[in-house]
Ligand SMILES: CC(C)=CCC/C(C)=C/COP(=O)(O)O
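Given as structure tokens, the chain that follows is alone and in the form predicted alone.
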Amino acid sequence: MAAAEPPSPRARGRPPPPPARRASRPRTAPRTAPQGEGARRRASCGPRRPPYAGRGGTARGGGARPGSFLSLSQRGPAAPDSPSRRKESGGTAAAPLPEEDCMKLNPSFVGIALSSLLAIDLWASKRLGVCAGEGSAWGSARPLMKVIEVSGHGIPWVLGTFYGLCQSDSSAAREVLLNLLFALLLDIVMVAVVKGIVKRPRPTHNKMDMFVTISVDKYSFPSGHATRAALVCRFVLRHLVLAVPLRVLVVLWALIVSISRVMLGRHNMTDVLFGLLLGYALYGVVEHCWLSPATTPALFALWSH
């Protein structure tokens, strides 16, 4: 009688034992193709470059391509060509910079000198403005300086000359007064034109409490008082017979009027200096265009009545 077989693990309710694993073979290095001359050169140049990455920083296709190298054709968006690169590639040469840009990048000696003189002018004018306000160093002399300011204003001179021309009975006196009126009107027009062109603002420490101003009087360059003082001084010394003390007083009046413009803070020093030069030059124009009964008889016939 044959012996009974023992019950299997499945019959007993136990899980069967796991199957036995096969012995794994040792991995061998993958066979590589024989390196050619190009591969040897790449190996001698150093480590391989990373594969081409897209804009998001990852390789195309979700991963890096094994064995792929970064070539010139696989680079990202190229940077703008420089002038030298365009020249090497056979393109046209780059256009030169505009002249004004070159001047800003490389200022000339004249520009630096003018800027320095302007800074010195502003500094010295502010230091000399000792009567610009009541609280200034010479604030007590401000009323006297304002009287001198009125003595060099254009309106009193024009009205006074016109009144003398109307009251004069001498033909010689009328000739002199008529040319003085012409000189004063020419001075007012020229100063207004230059101020409107330059449009230099008045000093910051100036008080706009001047005597009878017009629209262009808000500008500073040139000084109308200095221009008028130089013009009237030359005219009086040339056409009026005066004693030596009176001639000295006329010159002193012109200098004081000019200096008072800086002391009151109305103008900078360069405004006054240019005004003196302009007034001196305007007298030459008046002499060249001198009005006489021979040149303008109708005008003198009008005033004779």
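Start at 1 with the first residue shown and count on from there. Being a predicted model, the structure only gives us computed values, none of them experimental.
Below, we turn to the form predicted in complex with this ligand, even though it does not appear here.
- When contacts are defined as a non-hydrogen atom within 4.5 Å, all of G154, I214 and P222 contact this ligand in the predicted bound form.
- From the list 166 to 174, 206 to 214, 138 to 146, 124 to 132, the contact stretch for this ligand in the predicted bound form under a 4.5 Å heavy atom rule is 206 to 214.
- Contact annotation: K195 falls within 4.5 Å of this ligand in the predicted bound form, judged by heavy atom distances.
- The closest heavy atom approach of M190 to this ligand in the predicted bound form falls outside 4.5 Å.
- Taking the partner from the other structure, this ligand in the predicted bound form has a heavy atom within 4.5 Å of a heavy atom of R202.
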